[in-house]
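Same chain, two versions here, written out as structure tokens and called structure 1 and structure 2.
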Structure 1
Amino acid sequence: MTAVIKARGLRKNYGRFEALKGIDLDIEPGKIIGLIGPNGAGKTTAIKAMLGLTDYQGELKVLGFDPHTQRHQLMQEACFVADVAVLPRWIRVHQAIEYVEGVHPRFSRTKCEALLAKTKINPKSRVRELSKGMIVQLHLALVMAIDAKLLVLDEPTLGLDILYRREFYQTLLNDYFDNGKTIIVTTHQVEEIEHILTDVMFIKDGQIVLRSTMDEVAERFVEVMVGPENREKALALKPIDERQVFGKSIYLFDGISRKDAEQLGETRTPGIADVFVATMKGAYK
């Protein structure tokens, strides 16, 4: 199986600022990847490069195409939500559907209408008459009705309430996703998506600092609640993060054995958010 995305030494400079500092990347089909990083880390730049919205240095192939020069071919098979609330404000809901149906060979009106039926959106409304959340719902319904090989979602649920966010991610996983598809999601609400992700990628200062499957993350990182008596022992194993809860310390370890961990105290698998916070220390310095 060929890689959906293949990057070698991907770089992008804005003047003197290095937004991407030479990224190497291979993403296989059939994955849901969370691209996670603090503001200004290069997430959006990386996504823009993959979608042919910016030029770059280095080698990059998306679905076998050069996204910068073969953007049109790429867009036949890839789709994206680059930012929420970018639907044109003058368009009516039924016109937006008709437009996508007219230009996109992989769009299914039935699917789109089924998704919209779950919302309160009136097909005759103009986008400018919809609430922020409804605009996002419409945009996602349009995009999810496209049978694309690669779907890129940049902060797709900004402005949506938690009920709809949950439902959206469930639909994404259960109805949209299959083995032939690849989904890349960025979001700051990491906790909400970790259960649907197959892979995770942390980006910091224009570099990928962690790239692994969710199973690997669960194996590699462990959180231990340590009483004062074992504190010295715990520190000797070089935890990557420490926080205090009810007088006890919770340490996050990277790559220690389960046995070592269990001797220190009560263990649990950390959430992606915990690992993220520990990994990103000093990101704003």
Structure 2
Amino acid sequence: MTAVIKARGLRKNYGRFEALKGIDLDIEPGKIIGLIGPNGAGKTTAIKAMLGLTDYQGELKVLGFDPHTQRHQLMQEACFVADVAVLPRWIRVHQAIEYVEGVHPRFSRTKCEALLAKTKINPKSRVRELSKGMIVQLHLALVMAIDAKLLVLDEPTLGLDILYRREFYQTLLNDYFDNGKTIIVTTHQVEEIEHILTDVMFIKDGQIVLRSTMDEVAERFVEVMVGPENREKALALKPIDERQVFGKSIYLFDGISRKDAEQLGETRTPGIADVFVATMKGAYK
């Protein structure tokens, strides 16, 4: 199976600051990948490199293309939704549809109009007359109507309320994704997207520190609520995180057996946000 994205020794410097530190990466088709990291970790730089929006050092192929020298060919097969929709405020909805139809050969006007029919957006309205949530819906409809193999979403629901955010991801999952497509999404609202992810990548200080399927995360990490009588035993197993709840300690372990965990106390599978916080210790200092 040909990788959608293949990187070897991917680096990017801004002066003396090393934003990406030799990343090696293989991403297969049919994945929904969460690229998660704190501010300044390298998420946006990595995405810009993948989309040919910045130069880089190392080897990088996206859908078989060199993003730096073959960006035009790449963008026939890939789409990007940024944290701020870039639609002109003066344009009417139907004019935006007509424009994209005229410039992108893989755009389906029928599909776009079907997606917009599920919203309250009036085709005659100007972008400036739409709420922020409606602008995101319009932007997503325009992008999802393009038969792209790769969709990159960089904080796509930033500033939207929880109803719009849930609707956004539900639409993405139900009306766009299939086994022939790959989606990469960055967000700080980790808890809201983990149910749609197939894979997760944590990036810290310009390096990938965790790359795993969601099933592997569930098998690898375990949380245990431990009473005072088992605290020393728990500490001996070297938990990667600890917090206190109602007088009991909750420890997060990486790689211990479920049998060992169950002997310490009540166990549960941690959420991605819990694993992220433990992995990123020191990243905000």
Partner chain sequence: MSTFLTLLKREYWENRGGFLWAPIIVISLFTVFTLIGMIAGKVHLGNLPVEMRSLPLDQMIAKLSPEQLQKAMIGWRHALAGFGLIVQMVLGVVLFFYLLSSLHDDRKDRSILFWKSMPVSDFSTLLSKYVSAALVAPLFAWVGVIVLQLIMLVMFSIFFLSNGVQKYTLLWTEADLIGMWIRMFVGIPLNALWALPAYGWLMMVSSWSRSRPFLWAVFAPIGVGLVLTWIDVLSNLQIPQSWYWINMFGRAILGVVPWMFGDGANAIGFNFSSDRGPYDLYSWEAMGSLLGSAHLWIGVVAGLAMLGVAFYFRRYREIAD
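Here, rigid core means the biggest group of C-alpha atoms that superpose within 1.5 Å across both forms. In this text, all values refer to a predicted model and were calculated from it rather than measured experimentally. Along the sequence of structure 1, residues get numbers from 1 upward.
Does structure 1 or structure 2 depict the form predicted in complex with its partner chain? Only structure 1 matches the form predicted in complex with its partner chain.
Per-residue C-alpha change between the two structures, residue 131, threshold 2 Å, rigid core fit: Superposed on the core, residue 131 moves its C-alpha 2 Å or more between the two structures.
Inspect the rigid-core superposition and answer whether the C-alpha of residue 92 shifts by 2 angstroms or more between the two structures. Shift at residue 92: 2 Å or more after core fit.
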